[in-house]
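Below you'll find only one chain, the form predicted alone, shown as structure tokens.
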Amino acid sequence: MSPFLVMLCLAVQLGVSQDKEEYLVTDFDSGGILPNAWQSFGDLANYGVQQRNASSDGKYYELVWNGATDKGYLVAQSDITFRLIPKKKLKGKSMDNVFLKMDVNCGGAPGTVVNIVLVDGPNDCCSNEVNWQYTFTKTNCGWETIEINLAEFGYAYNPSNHEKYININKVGRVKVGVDVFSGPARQIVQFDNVALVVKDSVTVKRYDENAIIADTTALKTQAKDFFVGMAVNPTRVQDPKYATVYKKEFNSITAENAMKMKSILKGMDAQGNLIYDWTQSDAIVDFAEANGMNIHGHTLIWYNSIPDFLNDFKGTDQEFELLIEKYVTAVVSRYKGKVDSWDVVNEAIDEGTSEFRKSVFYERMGADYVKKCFQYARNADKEAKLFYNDYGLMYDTDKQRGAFALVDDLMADNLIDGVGYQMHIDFNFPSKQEIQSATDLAVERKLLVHFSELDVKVNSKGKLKEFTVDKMQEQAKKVYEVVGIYNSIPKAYSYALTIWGLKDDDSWITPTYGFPDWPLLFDSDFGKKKAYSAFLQALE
């Protein structure tokens, strides 16, 4: 391609020797090993063309999505099928040794979201044994050479109906295309010189399931650039068994429920004055203050924690808005200089959409209620860091788009300091790449990142009756992956990684879903799990 190629590092940081062999799949000139030209399918069928660029070494392939319909396949695929050949070169190798290399450009449409999918054989996505995906956004157009370790591909479409691991001898096809549900209305991806690279020596830092952790080691001392947080309640901070672990392991706490509106705001008297109960929230703040801990306030405004009298309020919308301003001002002012940061609004965007959730706040204060609440909080404490917090931002692309449109609007008025990514995840979903890409959206905006509510389910379908050794290790690997991503965030933008509960039997997950799960770092006897060891290892 062009002499202006630059290397885009999309793969995990690897120590690689020079011993490697490259197998060109196609260069769209002579056809490479396989002579057939690539073809697209589905709603993209009319827009897949082979182009020639005077500045390139010949032809390249271009796919264009121009937003003609609101439906379409996530990827466009070719009729080229390639195997990882010759297989003898892969003997004794793992996915860590195999890389997909290609030249890629976004063809003049910055923000194009590119999907690359590996599948087994010629069938469609969901009947294949292997169906793994890597997605990235081309923010700046220009030809780049990317080299992606196949071990970095994550589950495509649905994490429940595919193999846990890619078998390198089963991968039969590569699909390249654009995500028609993300990015600009008109998206273009151009690619050339698609190749497989097999490297003999690859050193990858992995979770060690046999690592021995010294009892004197603590999470908070190993994390150098950010707080390690814990969700607490007033009863547990006063329980010596809990308090001992809190003080040893964590340097930040978040109230699980005690600082939500329904816990603090108890009513309104005959004169229209709001009635507050500070008992629970004060207990948590006092504990943190006594032990030199950071306090993250959670949460000022949440559609699911509203006192009945507010839901039934008969006054005008203007009077309702004034009550909310008084409430936010009172809470933030009471803890000014003590609570270091706030989730001002929680879960304002509805899942599966980019639209506001239809809450009482939205109905009575209008679509700019979020901005108003951030302004109230900013007015009450100009030093406190203000966050927008939500779930699904890692994998729900529609919600992600709506949330960051909201964030951008808040940024325009200097009302937001960070984004809280609720990390209620599964041991096998979302993928590492999805987590990384979503995290980058905040970092690119130079906002603080808070992984705010981490727990890792291993029994999302309720089939397990006990916590097996296999699931214990799978959970640990996911924790290692998440903490590794967070630990790689530039220091200027990393704030806190908060675990949503101490012991498995404390978690909200089992009572909510009605079957057992084991999502946290400690077991019911305060014993450290493999996930705890994985957390520490990822900080090394």
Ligand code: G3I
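On a predicted model such as this, the values are computed, not experimentally measured, just so you know. So that there is no doubt, residue numbering starts at 1 and follows the sequence shown.
In what follows, reference is made to the form predicted together with the named molecule, a form of this protein that is not presented.
Using a 4.5 Å heavy atom cutoff, H298, Q422 and W500 all lie near the named molecule in the predicted bound form. Screening E321, D426, E434, E256 for any heavy atom within 4.5 Å of the named molecule in the predicted bound form leaves a single hit, E256.
A heavy atom within 4.5 Å of the named molecule in the predicted bound form is found for exactly one of N105, N251, Q133, N346: N346. Heavy atoms of Y493 never reach within 4.5 Å of the named molecule in the predicted bound form, leaving it off the interface.
The named molecule is not shown here, and in the predicted bound form it never comes within 4.5 Å of any heavy atom of K457. Mapping the unseen interface onto this chain, W302 counts among the residues with a heavy atom inside 4.5 Å of the named molecule in the predicted bound form. Heavy atoms of E453 reach within 4.5 Å of the named molecule in the predicted bound form, making it an interface residue. The candidate stretches are 237 to 245, 281 to 289, 257 to 265, 206 to 214, and the one lying within 4.5 Å of the named molecule in the predicted bound form by heavy atoms is 257 to 265. Contact annotation for 507 to 521: a single residue, W508, has a non-hydrogen atom within 4.5 angstroms of the named molecule in the predicted bound form.
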